[in-house]
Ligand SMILES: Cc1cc2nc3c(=O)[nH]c(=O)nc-3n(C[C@H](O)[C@H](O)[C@H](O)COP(=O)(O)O)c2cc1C
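To begin, one chain is listed below as structure tokens, in the form predicted on its own.
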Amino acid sequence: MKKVLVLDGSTRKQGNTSILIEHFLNGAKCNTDQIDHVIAKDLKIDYCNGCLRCNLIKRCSISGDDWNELSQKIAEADVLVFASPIYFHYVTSPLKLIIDRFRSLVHVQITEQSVKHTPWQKWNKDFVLLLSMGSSDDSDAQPVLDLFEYMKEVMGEENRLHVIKATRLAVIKQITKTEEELHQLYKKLSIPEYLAKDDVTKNQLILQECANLGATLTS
């Protein structure tokens, strides 16, 4: 039975990101009960300070926070879900704190040309990105995709990355709103109202895609 770990970067409850996670987990629960949903902002995660001691001791040298327990869950997970709204082209700060601590999972060697990262242990995991954003253009999330493509490759050639991006989501729970509710909202936000009809269908398909992905990755 596969283990799923959700690293939830949302800074508010029951927002669009939470709904994406809910549907993904509804699909996953068809095949597994080994699910851990971690709220990033509720953890005590200290800043990575670039001390490089992890190069020597093969683990993070920072103590007294939640990283040790969380890193164990990360190591044991078969499916790693990173979920976040996009704020200024990137994930939220609580999730970024966690991602920075991934530095301790690899050895770093400065070369003449660049920096070489070698994982202490190669992974064979499914990485999942569930991203919600206000922009109508999903390229606003490209910096996040670039990072995770790199992380996936660094941690082992057998890793896989799955991405679901939900766009034009400006207010809480918007992804579940009806066509009429979207008409009213778009009028207030000066968004062309004719988009409401297609957006309802698009949003429903995205939620179904989340459920299908959850089921597929845990089967």
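Residue positions are given as counts along the sequence shown, with the first one as 1. Quantities reported herein were computed from a predicted structural model and do not represent experimental measurements.
This protein has a second form, the form predicted in complex with this ligand, left out of what is shown; the following refers to that one.
Novice: Looking at Leu95, Leu80, Ile86, Leu105 here, can you tell me which has any non-hydrogen atom within 4.5 angstroms of this ligand in the model of the complex?
Specialist: Exactly one listed residue reaches within 4.5 Å, namely Ile86.
Novice: Among 163-171, 42-50, 146-154, 181-189, which stretch has residues with heavy atoms no more than 4.5 Å from this ligand in the model of the complex?
Specialist: It is 163-171 that comes within 4.5 Å of the partner.
Novice: At 4.5 Å by heavy atoms, is each residue in Leu25, Gln34 and Thr218 next to this ligand in the model of the complex?
Specialist: Spot residues vs this ligand: no contact at all.
Novice: Using heavy atoms and a 4.5 Å limit, would one call Asn203 a contact residue for this ligand in the model of the complex?
Specialist: Residue-level check for Asn203: no, no contact with this ligand.
Novice: Please tell me whether any heavy atom belonging to Val128 falls inside 4.5 Å of a heavy atom of this ligand, as the geometry stands in the model of the complex.
Specialist: Close contact is absent here: in the model of the complex, Val128 is far from this ligand, nothing within 4.5 Å, heavy atoms only.
Novice: Hey, in the model of the complex, is Asp100 touching this ligand, heavy atoms inside 4.5 Å?
Specialist: No - in the model of the complex, heavy atoms of Asp100 and this ligand never come within 4.5 Å of each other.
Novice: So, Lys197 and this ligand: in the model of the complex, are they within 4.5 Å at any heavy atom pair?
Specialist: Answer no; every heavy atom of Lys197 is more than 4.5 Å from this ligand in the model of the complex.
Novice: Any residue of 133-153 with a heavy atom within 4.5 Å of this ligand in the model of the complex counts; write them all down in order.
Specialist: In sequence order, Met133, Gly134, Ser135, Asp140 come within 4.5 Å of the partner.
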